[in-house]
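Next up: just one chain, as structure tokens, the form predicted alone.
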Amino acid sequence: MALLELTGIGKNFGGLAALGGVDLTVEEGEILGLIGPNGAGKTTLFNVISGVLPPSAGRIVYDGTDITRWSLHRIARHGLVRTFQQTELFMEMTVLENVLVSARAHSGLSFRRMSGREAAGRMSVHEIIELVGLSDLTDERAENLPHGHRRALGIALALAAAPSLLLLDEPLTGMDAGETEAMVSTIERIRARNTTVMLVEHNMRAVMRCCDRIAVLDFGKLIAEGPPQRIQNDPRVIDAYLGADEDIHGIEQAPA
């Protein structure tokens, strides 16, 4: 059974159909990429899955439970957690304090009584910080971090909720080559710690490298789904999004 199963997901805004009957599964332990042109419905789909928006049609089953009209917070408590394009951090607090506060919010424990392992569930707070590559910056205030490290800290806050499925909304936005490489490695480490990942991303080289499977949206409909090699050679995807001259061929694929 799939960890997440979407059946006939639709979302209307007035007379506009942002999503038109999306059927998609996310298998436990995989990294699934969701791609498509601007306005294709990617973020809307994330918002519907995570409870930010209710669907206009369809059914969402997560870990065997129908969560179709659950709230964002109830869904997060059930183990499905998302990040947003704009990372919300406690800028005046240190890296450690940010993760502790996030863990507290998800654990219900008081700040004084909270140990790292109690707060973070499957990983201690320090393990989370190490996982996202910020161990050397534990005592640095968030406002002093460069962009890539801020994005990594945002993911650490999500991991403090101990998700089984982590939705990453454009985790590589605004990153240079070095930051991108570090973030891709972080995503791969997260999966290695038994957290399933679904991500929306426009950096096709990174998507083709780290994703086991890719789903493609166009005008709110799923037009293709499969392993990276198949997607980058699919005429429908090339026409709708990648373009015939996109330099993504020959990219090292994720291991099968």
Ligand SMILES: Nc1ncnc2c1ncn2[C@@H]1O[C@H](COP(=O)(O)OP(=O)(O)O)[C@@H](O)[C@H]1O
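From a predicted model like this one, the values you see are computed outputs, not experimental measurements. When you see a residue number, it is the position in the sequence shown, counting from 1.
Keep in mind that the form predicted in complex with the named molecule is not shown, yet the notes after this line are about it.
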Candidate from Asn203, Thr68, Ser56, Thr43 lying within 4.5 Å of the named molecule in the model of the complex - any heavy atom: Thr43
If contact means a heavy atom within 4.5 Å, which one of 184-192, 59-67, 208-216, 30-38 is the stretch that engages the named molecule in the model of the complex? 30-38
Does any part of Leu242 reach within 4.5 Å of the named molecule in the model of the complex? Heavy atoms only, please. no
Distance check, Ala18 to the named molecule in the model of the complex, heavy atom within 4.5 Å: yes
